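Take a look at this one chain, the form predicted on its own, written out in structure tokens.
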Amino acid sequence: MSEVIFEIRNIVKKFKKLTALDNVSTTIKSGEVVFIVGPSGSGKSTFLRCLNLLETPTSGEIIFAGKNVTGHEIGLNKFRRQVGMVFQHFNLFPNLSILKNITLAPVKTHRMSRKEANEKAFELLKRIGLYDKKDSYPSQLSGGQKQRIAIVRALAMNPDVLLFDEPTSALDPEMVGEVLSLMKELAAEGMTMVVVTHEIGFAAEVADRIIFMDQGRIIADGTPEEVIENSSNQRVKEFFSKVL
């Protein structure tokens, strides 16, 4: 049985009068691939951003590898080195080359020497077929290439977990496949992944578990078959009947 890497206990997140997350609890195991789906405004991205404290929960606890992150039992910088994040709009530094984008964090955090970081970056760029772009700048790349570079940048830190916030929603449809294929490879290699997505077909194919959120709550949590095909919850059934 894989060990629990994240334990989320009764998370509430309020923005003034809006309750974005309403008493959310779940666990994520090491090596597990968890997809979070649901209608727009259901709290999916807020939940993901709370997982690495880009948003601070109003109440509740997040336990990572046995340490209470919300209780400051682990330093934020150390925690973020272990939990990589891939954003919807890539968030690459436009004024840095692709190589510098990838090596900046490992070098700045003293995780690797410049030489080690460069070697790691070359290895990752070769893996995704973009080694020839190492001296290019983000503006010279397609959307699909930028997002694969963003994933590689997160991987360069050797994280324990990768979080993806709608990684394909800003891409042209023809570029989605190249990003999904890299994510599928990572899942097959045992990377712990938590993915917010609207790509339901991809979630059904790759996920170990699907969490369905609505109105800031988890209302279904199980295998793709349990959640997408056989849920007894009317709201879940209604959602999938419209999107599949």
Partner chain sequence: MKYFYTFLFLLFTFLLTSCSEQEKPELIMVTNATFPPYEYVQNGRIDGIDPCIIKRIADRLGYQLKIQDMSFDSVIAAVQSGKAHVAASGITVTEERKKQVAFSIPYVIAKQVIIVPENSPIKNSTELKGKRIGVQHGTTGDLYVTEKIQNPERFTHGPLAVAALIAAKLDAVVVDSEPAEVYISQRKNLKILDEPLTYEEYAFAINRKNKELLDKFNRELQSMQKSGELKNIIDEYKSRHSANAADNKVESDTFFGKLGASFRINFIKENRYQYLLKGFFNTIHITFFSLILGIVIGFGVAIVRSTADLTGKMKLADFFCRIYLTVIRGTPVVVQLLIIYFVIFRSIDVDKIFVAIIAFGINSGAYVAEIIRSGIMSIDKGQMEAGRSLGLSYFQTMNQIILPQAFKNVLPALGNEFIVLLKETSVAGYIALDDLTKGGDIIRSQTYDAFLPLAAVALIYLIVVVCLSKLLGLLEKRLNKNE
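Everything numeric here is computed off the predicted structure, so don't read it as measured data. Residue numbers count along the first chain shown, from 1.
This protein has a second form, the form predicted in complex with its partner chain, left out of what is shown; the following refers to that one.
**Q** Only one of 141 to 149, 122 to 130, 97 to 105, 168 to 176 has heavy atoms within 4.5 Å of its partner chain in the model of the complex; I'd like to know which.
**A** Single hit among the candidates: 97 to 105.
**Q** My question is simply whether Asn52 lines the interface with its partner chain in the model of the complex - judged by any non-hydrogen atom within 4.5 Å.
**A** Yes, Asn52 sits close enough to its partner chain in the model of the complex that at least one of its heavy atoms falls within 4.5 Å.
**Q** Under a 4.5 Å heavy atom criterion, is Lys134 part of the interface with its partner chain in the model of the complex?
**A** Outside the cut-off, so no.
**Q** Flag Met112 as yes or no: does it have a non-hydrogen atom within 4.5 angstroms of any non-hydrogen atom of its partner chain in the model of the complex?
**A** It does not: once its partner chain is placed as it appears in the model of the complex, Met112 has no heavy atom within 4.5 Å of it.
**Q** Taking any heavy atom pair closer than or equal to 4.5 Å as contact, tell me whether Met157 reaches its partner chain in the model of the complex.
**A** So Met157 counts as contacting its partner chain.
**Q** At a 4.5 angstroms cut-off on non-hydrogen atoms, which residues of 75 to 113 are near its partner chain in the model of the complex? List them in order.
**A** Counting only heavy atoms within 4.5 Å of its partner chain in the model of the complex, the contacting residues of 75 to 113 are Leu76, Asn77, Arg80, Arg81, Val83, Met85, Phe87, Asn91, Leu92, Phe93, Pro94, Asn95, Leu96, Leu104, Ala105, Lys108, Thr109.
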